[in-house]
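Here we start with a single chain on its own, the form predicted on its own, put down as structure tokens.
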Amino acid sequence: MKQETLARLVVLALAGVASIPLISGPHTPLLHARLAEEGGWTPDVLHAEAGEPFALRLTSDDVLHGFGVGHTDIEPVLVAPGTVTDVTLTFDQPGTYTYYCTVWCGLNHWRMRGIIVVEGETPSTAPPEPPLYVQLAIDIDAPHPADVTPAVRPDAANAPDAAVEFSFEQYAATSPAQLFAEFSRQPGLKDLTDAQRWNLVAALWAGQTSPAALVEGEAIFRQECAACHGQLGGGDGLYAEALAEAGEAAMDELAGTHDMMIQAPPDWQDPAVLLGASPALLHGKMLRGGMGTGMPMWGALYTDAQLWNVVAYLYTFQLNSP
């Protein structure tokens, strides 16, 4: 009798287990994070289905990392060594998404990237237009120093009252120095002092952004850019010297053009450097990356609007905004 009762209990228990609902949707094995020099993410290609929960388990094999997914509103999570972090993602649209480390973990932190291929029915859309820097035929790898720079820092709050139409298209394609030079030739503006014309340039630049956009641009800059470019854009970030040393070491071993070697970041505290660059040039540099110079490609992680906000924030290193 006891054996029969025990058998019935086992059967009932198994039936109960079978009736427990399982989490639907694809899942992955444990996703390991390592320093980029040690391999980065493993595996670095994941697959999911649009609209289905996608369960991930994350762990670090060395130091503290972070996990974020570009072009989504998914909140980043920390990935600590010796622990497992569970996260479930849901992608509304099919496509290829880049996941990346969100915690600066070393010189090659930005190389810690992988992709999530999200399958699903793709709606028919028009082919994307080329990036703006391509449309404008801007060589984003060439230096674009300003021919003229202000004697004092331009201030939008002190701009003269002048009726000047200035569209986003003009803003994107024109450097501050080019616009200053144009003002010196325009009737009604050429009689202004140099300081007044520069202040007018600062006001028109400020008119292309907003306080909220500048806050977002600054937040992205501090998270992604300051470690190399410096908190104030002086090219003196924590990893700037190491970048230059890495470039020199690479040139000792590899043949190639010096212009494409890993480089220290530019000094945006130098007005000739920043005021000679158009917004489309800076946007393109972030969108595409520096082609071997050490500048990462941020277009896979941030939207166009976010990158334009970073561009607007960069100009605050030289132009005072209200």
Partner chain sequence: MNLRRKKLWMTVTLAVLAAAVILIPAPALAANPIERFVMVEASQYAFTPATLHANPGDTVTIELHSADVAHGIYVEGYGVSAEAQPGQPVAFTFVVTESGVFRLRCSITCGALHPFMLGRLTVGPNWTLARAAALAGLAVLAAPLAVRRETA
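Residue numbers count along the first chain shown, from 1. The model shown is predicted, which means the values in this text are computed figures rather than measured ones.
Form predicted together with its partner chain: not shown, discussed below.
- Checking Ala36, Ala272, Met291, Val63 against its partner chain in the predicted bound form, a heavy atom within 4.5 Å turns up for just one residue: Val63.
- Of the listed positions (Pro150, Gly217, Gly114, Gly106), a single one reaches within 4.5 angstroms of its partner chain by any non-hydrogen atom in the predicted bound form, namely Gly106.
- In the predicted bound form, its partner chain lies within 4.5 Å of some heavy atom of Ala227.
- With a 4.5 Å cutoff on heavy atoms, Pro94 does not count as touching its partner chain in the predicted bound form; it lies far away.
- For the chain shown alone, Trp205 is not a contact residue for its partner chain in the predicted bound form, no non-hydrogen atom being within 4.5 angstroms.
- Its partner chain is not shown here, but in the predicted bound form it comes within 4.5 Å of a heavy atom of Arg222.
- Note on the interface: of 114 to 122, 206 to 214, 237 to 245, 182 to 190, the segment with non-hydrogen atoms within 4.5 angstroms of its partner chain in the predicted bound form is 237 to 245.
- The putative spot formed by Pro131, Ser175 and Asn320 is not touched by its partner chain in the predicted bound form; no residue has a non-hydrogen atom within 4.5 angstroms of it.
- In the predicted bound form, just one residue of 66 to 97 lies within 4.5 Å of its partner chain by at least one heavy atom: Pro81.
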